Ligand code: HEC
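Shown here is one chain on its own, the form predicted alone, set out as structure tokens.
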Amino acid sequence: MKYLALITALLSLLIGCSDRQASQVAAPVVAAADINAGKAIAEAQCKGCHGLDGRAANDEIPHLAKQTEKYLYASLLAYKEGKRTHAALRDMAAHMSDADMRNVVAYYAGLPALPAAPGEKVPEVAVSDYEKGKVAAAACVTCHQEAGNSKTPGMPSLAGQHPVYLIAAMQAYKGGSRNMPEMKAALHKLNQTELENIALYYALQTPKQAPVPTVGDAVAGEPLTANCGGCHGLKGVSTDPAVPSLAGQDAQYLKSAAKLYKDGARRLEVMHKAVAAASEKELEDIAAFYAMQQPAAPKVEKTVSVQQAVEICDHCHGPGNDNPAIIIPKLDGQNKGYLIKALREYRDDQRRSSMMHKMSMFYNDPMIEQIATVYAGRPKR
């Protein structure tokens, strides 16, 4: 709650990180293990969740069969030291000796690979959220024009607005708190993900300045905007994702929107108080001032496609990364439900890994599900 420049930068960091991990993040040397003793521990303590064959009992639990021995050992050690928070596993690991841990992880790491889950077919050509938004936004061209830069007086431009604000505005039209039947009709069939895609598309378009206003005095309007800058930014370029930029917007639209807030037709108390005492002439002057300012787009990047995301993940988790000195789990053939759960936890910063959080923080739920489908459908290595 999917950024290409950020992901690319992180990828470069990640590639460099792999070499460092090999020398700096190696697990403790594991002594020769007793597989039979490990099986006995698995029989007594682990099979209820992970099975004797290493297959997870449900979608909240990872498969352990043929997982890397050092990763499993490091995970158990993290539970034992309280660095991972699962209560039952922390209690179980706390009562294990170091030899017990080495034996049980050796048992699971030595099991044969599980058959790959059938999974859902992922499109051969994965389409980014940006491209999906571009397709969906075709229905908006009639009013908001190509790329969201309106040329119609009284009609707002959408190009360069922050996606958070655009999503909130579309939700308000869809829900009826902004009373405009045409917008409600256009949006009522769209789900949340589709609204997000449209918002991302428009946010990434270059905003163009509206035509010179025919009414209002921009010079007189500037001092009247003293209170507006606190929310809408210097000269109308907002730095708050929830607040729209006014710079370069159509003056007629700005005036009509301000009047809606003044009259209470749009309900936002802070806006009502800001314009309640303004005269018709003052609203025209304020609108003229903002219309004459240079617009600027927010710092938002395109999301990567599922295919690109998987390629990035494969730099650490994919084939060819079986270096036993690096503590990284194998994902191929893993439980799909568990992968979805883990990725959501990393994305939402509920699981400790700054790198994984940064890599996944822009992934929405459908994208996470598709990434998990790819890995669950691969044969276990």
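Start at 1 and count along the sequence shown; that's the residue number. Just so it is clear, the model here is predicted, and its values are computed rather than measured.
Not pictured, yet referred to below: the form predicted in complex with heme C.
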>> Within 4.5 Å, heavy atoms only: does I41 come near heme C in the predicted complex?
In response: yes
> Heavy atom to heavy atom, is Q249 within 4.5 Å of heme C in the predicted complex?
Replying inline: yes
>> Is it the case that M180, even though its partner is missing from this view, gets within 4.5 Å of heme C in the predicted complex, heavy atoms only?
In response: yes
> Given that the partner is absent here, does L268 sit within 4.5 Å of heme C in the predicted complex, heavy atoms only?
Replying inline: yes
>> Between K66, K341, K70, R347, only one gets a heavy atom within 4.5 angstroms of heme C in the predicted complex; which residue is that?
In response: K341
>> By the heavy atom within 4.5 Å rule, which residue out of V135, A113, A99, V243 makes contact with heme C in the predicted complex?
In response: V243
>> Given a 4.5 Å distance limit between heavy atoms, list every residue of 139 to 155 close to heme C in the predicted complex, or none if there are none.
In response: A139, C140, T142, C143, H144, M155
>> Knowing the shift is 3 Å or more, I'd like to know if the C-alpha atoms of I340 and I167 are closer or farther apart in the predicted complex than in the shown chain.
In response: closer
